[in-house]
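Next up: just one chain, as structure tokens, the form predicted on its own.
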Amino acid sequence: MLYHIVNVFSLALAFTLVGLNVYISTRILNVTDLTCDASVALGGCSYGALILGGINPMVAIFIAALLGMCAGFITSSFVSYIKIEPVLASIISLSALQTLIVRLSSFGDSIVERGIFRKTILSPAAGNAVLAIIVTLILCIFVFRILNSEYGLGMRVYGNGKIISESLGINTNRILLIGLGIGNALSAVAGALMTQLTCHFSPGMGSGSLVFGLAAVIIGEKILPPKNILAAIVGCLIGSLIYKIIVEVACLGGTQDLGSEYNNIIMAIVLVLLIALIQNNEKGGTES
């Protein structure tokens, strides 16, 4: 029981990074980027393949982040230089990356004997929780620093309108490249952590990640209004924890009755119900 609780907490921390990716793309850049699911799977499969190949786990996480960043660069390049709509550009990137993801996943799906805390005094669950806390904390601080820098200011201006950005002399192509690159790198690291936490990887491991990220952002914004960047980051963390706990409880019952293949449907239903509940509460507060 304790192992399961610790694992749920660790996975929620990993998905916080997906929430930050969604926050950067939808709230900061005002761009719909669907590359998220592919980046999670790319990071998870590349991490697993590298670990099985004997690569140092921390190096494997770094390489996974670079691959995720490249996925963001591809999508942003389609938008900036070929003038493809962001949604279509991300769909093209997602489809193209599937081949690489399937290829990486063919290396195997078990890293139980090659995990990062295999030879330490920590138990696997505790060690993975420590890893998730450290990596998530470092990346949250990194995102906070970036979004409060000149690049972050440029991203916010870009989100208010590309024409305004260009009139102020901002290189919009570079801003979009950096924004989507960082966001998808975060999702790839989340995928790497998922592989470490669950001890397996597959091409479909990123399925539903975008929904989870949206849920983390929406729930976090309602509980802790994003008055500044720090509040937005903490909100993503809170939203991720709450949504993961609710989904886990729902999936435990659903898995017994329906089967684990219906988990994504359960996640979608939970998100719709939560949004409906939040909106009804807001309407009630406004009327009163």
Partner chain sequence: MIRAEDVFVVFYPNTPLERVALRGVSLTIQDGEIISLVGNNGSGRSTLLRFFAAHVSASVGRLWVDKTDISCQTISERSLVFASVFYDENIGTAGNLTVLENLAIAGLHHQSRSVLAPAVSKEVRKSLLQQLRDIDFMNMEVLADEKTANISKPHRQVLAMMIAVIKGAKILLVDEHSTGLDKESAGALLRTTEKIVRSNNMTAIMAVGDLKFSIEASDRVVLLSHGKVVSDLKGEEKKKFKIDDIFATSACDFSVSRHPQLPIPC
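Residue numbers count along the first chain shown, from 1. Keep in mind it's a predicted model, so treat the numbers as computed, not measured.
Quick note: we don't show the form predicted together with the partner chain, though the next part is all about it.
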Taking the partner chain as it sits in the predicted bound form, is residue 103 in contact with it (heavy atom to heavy atom, 4.5 Å or less)? no
Would you check, heavy atoms only and a 4.5 Å threshold, whether residue 83 touches the partner chain in the predicted bound form? no
So, residue 163 and the partner chain: in the predicted bound form, are they within 4.5 Å at any heavy atom pair? yes
Taking heavy atoms only, is residue 91 within 4.5 angstroms of the partner chain in the predicted bound form? no
Only one of 87, 134, 168, 141 comes within 4.5 Å of the partner chain in the predicted bound form by heavy atoms, so just point that one out. 168
Which among 154-162, 74-82, 185-193, 201-209 is in contact with the partner chain in the predicted bound form, heavy atoms within 4.5 angstroms? 154-162
Residue by residue through 135-153, which ones have a non-hydrogen atom no more than 4.5 angstroms from the partner chain in the predicted bound form? 145, 146, 148, 149, 150, 151, 153
